[in-house]
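A single chain, nothing else alongside it, follows as structure tokens in the form predicted on its own.
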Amino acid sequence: MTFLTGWGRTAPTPATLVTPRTSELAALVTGALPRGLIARGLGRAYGDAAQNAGGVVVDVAGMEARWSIDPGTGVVTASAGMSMHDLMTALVPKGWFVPVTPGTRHVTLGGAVAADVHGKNHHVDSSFGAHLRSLTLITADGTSRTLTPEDDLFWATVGGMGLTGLITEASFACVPIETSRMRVDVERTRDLDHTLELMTATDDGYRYTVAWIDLLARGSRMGRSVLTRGDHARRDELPPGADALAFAPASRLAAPPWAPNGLLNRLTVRAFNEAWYAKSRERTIVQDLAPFFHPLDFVDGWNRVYGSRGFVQYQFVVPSGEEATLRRIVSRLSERGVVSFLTVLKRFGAGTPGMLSFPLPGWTLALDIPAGQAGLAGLLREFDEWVAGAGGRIYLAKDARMRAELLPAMYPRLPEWRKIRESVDPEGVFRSDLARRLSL
């Protein structure tokens, strides 16, 4: 048995971790033990989505990798265990970029499909599922099925958290680029209302936007932010002689193998926030892809900085028109002095037909909160109620503590998803700690 956690390093549970060959997957599925199995990529789900206490966890990231691209259309077909890092390393020098990337390159293609990941371009390009052309799935009877967006099982799998089968391959359309750089506008805002106003007014002029929020700012400064908006740079925006498509990102630092609990506290985070806000003066810069999209990837194992207690990432979305709920949550967090090292706000556009996909048109806020803060559990339960009451939802790929009774209100297509899942997996072969906790 191997003890596994999510990226937040909370609630470890034991499982049998296996790394089979692709040819062995069907037999592995049909011979599953009573506790079932679930796929696991690079372990970047923050909660318990890739854990299976007492059961089997399939390490797809360790399986053989393969990929190809149609140079005329930019459609990539790749094995589910390939990481976004490896795909970008191969694609960017050829003049292509993945259609959607989350805040880390270290997620697998299968994980991107299962979580229907979103990025800074959701207001323009939706989530990853919108760019999928097909996927291959091994279902509970050992059958390998190739699915397209015309299939209901396709949309039960996109955002389905790995509970409809083992994704083995996917095809998706890439974005053509001239360079491996980004042209980025940086601007500070006074408070949360100014942030929302500016994002609403200017987001559609950029492909990628995100706001970093100083959650410890209070009073008239509550919700003050650094707004970052960007587009892929053109070749003529680079210095003469620059290697336009060079791309070789790597971790530059490594987090210590241990860190004391409480290292990230109000004093240290407030000091960082003050320095970052002061540094982020209004300007336009050209920067590499990696620092724009994946700044935390420069520190290997950065989750260890939160100490042995780990941390909770809390991410929710509320629909457009429910900004009052967003303000209410930010105000309560600011009043309580809740420590969140990284707090980011994005505006979502249209979602995909994924039955359990997280995004919907509106506003999403994500917080990284050190575990163990006094009163945190009760505060987040209160927020859950507010979010559900506003017609919003919690992101399952980040969740580690939500109550099952709120799930139907947040995900109204849950009965449809359950019906499809039961039809392809009547014995519940595909299971996870997340599925048990939320009665999926």
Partner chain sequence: MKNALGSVDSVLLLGGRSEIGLAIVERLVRDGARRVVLAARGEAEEAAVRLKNLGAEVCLLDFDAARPETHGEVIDSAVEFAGDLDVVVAAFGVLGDQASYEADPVSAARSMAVNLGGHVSAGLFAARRLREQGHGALVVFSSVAGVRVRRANFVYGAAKAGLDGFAQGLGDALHGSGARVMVVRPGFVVGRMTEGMPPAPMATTPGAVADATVRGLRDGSETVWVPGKLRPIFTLMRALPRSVWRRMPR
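None of the values given here were measured: they were computed from a predicted structure. Residue numbers count along the first chain shown, from 1.
Here the subject shifts to the form predicted in complex with its partner chain, a form of this protein not shown in this document.
Residues of just one listed stretch (409 to 417, 23 to 31, 389 to 397, 52 to 60) have heavy atoms within 4.5 Å of its partner chain in the model of the complex: 52 to 60. Proximity to its partner chain in the model of the complex holds for none of S126, E197 and L227, with the criterion being a heavy atom within 4.5 Å. Although the partner is absent here, P426 is not a contact residue: none of its heavy atoms lies within 4.5 angstroms of its partner chain in the model of the complex. The closest heavy atom approach of R401 to its partner chain in the model of the complex falls within 4.5 Å. Its partner chain in the model of the complex is not approached by A65, whose heavy atoms all lie more than 4.5 angstroms from it.
Contact check for E405: a heavy atom falls within 4.5 Å of its partner chain in the model of the complex. None of A170, L289, V312, L365 but one reaches within 4.5 angstroms of its partner chain in the model of the complex through a heavy atom, and that residue is V312. Residues of 403 to 440 that come within 4.5 Å of its partner chain in the model of the complex, judged by any heavy atom, are R403, E405, D433, R436, R437, S439 in sequence order.
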